[in-house]
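Presented as structure tokens, the chain that follows is alone, the form predicted alone.
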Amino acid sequence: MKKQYTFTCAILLAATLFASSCKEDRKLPIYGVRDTKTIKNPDGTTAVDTIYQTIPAFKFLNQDSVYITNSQFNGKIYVADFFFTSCTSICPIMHRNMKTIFEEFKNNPDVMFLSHTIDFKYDKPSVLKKYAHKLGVDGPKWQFAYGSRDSVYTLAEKSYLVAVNVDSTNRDGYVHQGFLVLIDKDRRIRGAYDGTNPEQVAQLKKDIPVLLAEYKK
């Protein structure tokens, strides 16, 4: 497999997207590891097809203690992030900003939100339920997901390309990046935005309609 994308690129991604925002009728790039394969056409000719990295199948408990899987997001684009409820650093800022996006698209059935907790010890579904209620987004449109350390951390780093870790030297016990990751209806990464940066959050708001329009053509 030929690797076209590295984790370092995620740090530069939001800036690249912001710089391209002035272009009309633009199409969002596709990020992640990709591979190519040769396919045979019906007429006997061959062509090269690109296989893009996608978010793999998952199964987590949500804030209602109900298992959610990829099926909840079929036919949707969604914004995903990684956080924990007791975070005192970037999480409150991330989710205040993410809620502004939620409010803008809450009546659009093609847009959803998914927050994965990285605190596998404390953030059980009942805790996530209280958190969602306090944030004012307790409903099916914004899912809060709980899973084992291995399942969540592997998904974050290998699939969403977001760094997360346990850190006993940190006062909160965990460290993570504050990216809001935009996923398309084909489960591909189409953008990563610093959830603590108002300009990048504003860019995400602009990019969601661009991505939605892609599926109407």
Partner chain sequence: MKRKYIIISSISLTLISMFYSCQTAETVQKDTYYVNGRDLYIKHCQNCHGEKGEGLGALTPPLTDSTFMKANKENLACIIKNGISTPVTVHGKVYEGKMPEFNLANIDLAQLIVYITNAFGHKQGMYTNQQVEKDLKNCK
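Since this is a predicted model, take the numbers as computed values, not measurements. Positions refer to the first chain, counted from 1.
What comes next is about the form predicted together with its partner chain, which does not appear here.
Taking a 4.5 Å heavy atom cutoff to its partner chain in the predicted complex, the contact residue among P109, P92, G75, P140 is P92. Its partner chain in the predicted complex is not approached by K121, whose heavy atoms all lie more than 4.5 angstroms from it. Its partner chain is not drawn, but in the predicted complex it has a heavy atom within 4.5 Å of Y131. Residue contact with its partner chain in the predicted complex: I101 places no heavy atom within 4.5 Å of it.
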